[in-house]
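One chain comes next, on its own, written out as structure tokens in the form predicted on its own.
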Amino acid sequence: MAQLSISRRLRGTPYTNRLEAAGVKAYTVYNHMLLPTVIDDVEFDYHHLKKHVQVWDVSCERQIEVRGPDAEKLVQLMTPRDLSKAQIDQCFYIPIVDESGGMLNDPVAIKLADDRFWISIADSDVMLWAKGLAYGFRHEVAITEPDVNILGVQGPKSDDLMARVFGEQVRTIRFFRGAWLYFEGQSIYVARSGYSKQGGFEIYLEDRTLAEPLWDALFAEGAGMQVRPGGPNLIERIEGGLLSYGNDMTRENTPFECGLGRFCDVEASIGSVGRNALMREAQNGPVRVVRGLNIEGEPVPGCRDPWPVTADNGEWAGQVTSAAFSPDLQTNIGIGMIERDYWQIGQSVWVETPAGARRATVGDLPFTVP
């Protein structure tokens, strides 16, 4: 098995030593950082996440801080989602698009103050785009990447674990809201969010000296909860219909194609980049959309490259971009970008997998799990 050569360009995290001591099995590279993807094995991690609680090193969710008198104006310029009613400590899932409406990123933006935002980015270099827009539009802002290293706490027991570490007030945080809580006398931002459908929190740690003490405290307090390290799980995210930027959507796709039209307030987001292109698409409709696919047969391998999807007559119908065997559904499931003529729910298509052509049925996202 080939190994990654670690250098300054491929950054570790303040939790890497703890993860390696726990026996992490696999990483991927995300925003030039290590992202753990497998601790035990994908299926074991999947079952554990859905039953218990996991601590995730998601430091790779880098923060782009936009600060200054024009901070809100710049963030609004970057997204077609209307932020005019954004409240302090509110989190917003925002598509960031280019001039043609193509997806550049799908981060969570947090309004920390009227003049301060964190943009918690997916895997693409947003800082230079933000700096270019700020310079070109002469916005009075400072754009930096603060050294914020996120720990995710995900799973059905996450509220109980977080309450043991941060106090009962953590239970009052609403979904996609945040609050400043205390750990060892220092204020840390905690949001009810995360890249799973099992519920949980993200801890935005700014002081690296607290990284290992925080990790250790979560495991000490979670000893009776079967707490384990974890990370975004391929099977669970496909079941939940969570898209992965760079896999299920790229700059070639618009928010409407990605099922994110509800986050495009094209009438209200006046002046935002790509607004005109998205207004045209809102009127005419997309030519392809993201769909779920139930793929027949024996368990398929994961998607490294997209798998072609074709109709019975051999016509191109789209592509599968993520796939896995779901133990709970007892079938192969996938996420794909499907063309207009074939995106109807229940449509039968063919998927060309590495194990051969398989019959598949187009369905909704997320998948319904018993």
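Note that the structure is predicted; figures quoted are calculated from it, not measured. Sequential numbering from 1, following the sequence displayed.
Just so you know, the form predicted in complex with a small molecule exists too; it's not on screen, but the next bit is about it.
Stretch 169 to 177 is the contacting one of 282 to 290, 169 to 177, 295 to 303, 211 to 219, since its residues have non-hydrogen atoms within 4.5 Å of the small molecule in the predicted complex. For the three residues A122, I150 and Y204, a heavy atom within 4.5 Å of the small molecule turns up in the predicted complex in every case. This chain appears without its partner; in the predicted complex, the one residue of Y30, Y342, F325, Y27 with a heavy atom within 4.5 Å of the small molecule is Y30.
Checked against the small molecule in the predicted complex, the residues L181, L104, L242, L77 give one hit for a heavy atom within 4.5 Å, which is L242. The closest non-hydrogen atom of G261 lies beyond 4.5 Å of the small molecule in the predicted complex. Contact annotation for V108: at least one heavy atom lies within 4.5 Å of the small molecule in the predicted complex. Proximity of Y189 to the small molecule in the predicted complex: non-hydrogen atoms within 4.5 Å are absent; the residue sits far from the partner. Within this chain, F137 is remote from the site of the small molecule in the predicted complex, having no heavy atom within 4.5 Å.
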